[in-house]
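One chain comes next, on its own, written as structure tokens: the form predicted alone.
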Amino acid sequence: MSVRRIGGGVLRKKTGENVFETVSYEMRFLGIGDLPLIMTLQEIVARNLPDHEIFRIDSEEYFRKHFSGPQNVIGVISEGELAAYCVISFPGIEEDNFGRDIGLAPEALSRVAHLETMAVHPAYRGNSLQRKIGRIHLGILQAMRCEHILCTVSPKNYPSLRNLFFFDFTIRALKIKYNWMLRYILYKNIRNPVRLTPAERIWVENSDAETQRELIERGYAGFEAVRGNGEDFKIAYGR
């Protein structure tokens, strides 16, 4: 058994309209040799999204940089293809540290980790792969004595928001990132996790950026998402 193997099991793979088959999978840490699989999955995910702003395509250089850490990239492989992957990074005190976006103290920046890109192949959606990988990566970060975990998500990406809220991340900022993309910045203190359960909930449409920014400035944080019919959904804010 490879020392880079994390686990395995079975998944449901969509092979046609309302047609699924059961396939086996392996979860393991990825390395430079897996780069072609990652680049292929990026292209598949991007092609199958209704809005290209939801998902950011990363370069080969981006992944080569993150492969420098032996546990930075986790993948799920099934039938020779990559079903999902997730990347973590450690920005240190650099300018791209998301802790700066939410007002973390300068001395806290060195204890920040980023949950970076996460992608799931369309044929393997519905298997909770984001949560499976996220649970592993959060455990790694906790063992490494990181404290502040941050990530960015498009306000149009309902599934990813729901998965992050499942792990008790909260929305702490809404800003333009990556040159032109609007992104929520979500935060979790992994040493002292807090589940937000306010008595008052203010529901805001995900498309209403102005109201969300006003609430954040007043000390509110987003912590729940509910979708009705269609693609639009609402975010619950509280404090």
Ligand SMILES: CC(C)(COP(=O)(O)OP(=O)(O)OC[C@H]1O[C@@H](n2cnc3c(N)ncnc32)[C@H](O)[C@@H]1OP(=O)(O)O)[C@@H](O)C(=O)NCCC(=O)NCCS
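Residue numbers run from 1 along the displayed sequence. Fair warning: this is a prediction, and the values are worked out from it, not measured in the lab.
If you look for the form predicted together with the named molecule, you will not find it shown, but the lines that follow are about it.
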property: L150 within 4.5 Å of the named molecule in the model of the complex, heavy atoms; result: no
property: Proximity of I32 to the named molecule in the model of the complex, heavy atoms at 4.5 Å; result: no
property: 4.5 angstroms heavy atom contact with the named molecule in the model of the complex for R111; result: no
property: The named molecule contact at F55 in the model of the complex, heavy atom, 4.5 Å; result: yes
property: Candidate site M27, Q71 and G75: all three near the named molecule in the model of the complex by heavy atom within 4.5 Å; result: no
property: Options 124-132, 86-94, 138-146, 103-111; stretch whose heavy atom lies within 4.5 Å of the named molecule in the model of the complex; result: 124-132
property: The unique member of I202, L174, V45, L37 whose heavy atoms fall within 4.5 Å of the named molecule in the model of the complex; result: V45
property: Residues in 141-167 close to the named molecule in the model of the complex, defined by a heavy atom within 4.5 Å, in order; result: T152, V153, N157, P159, S160, N163
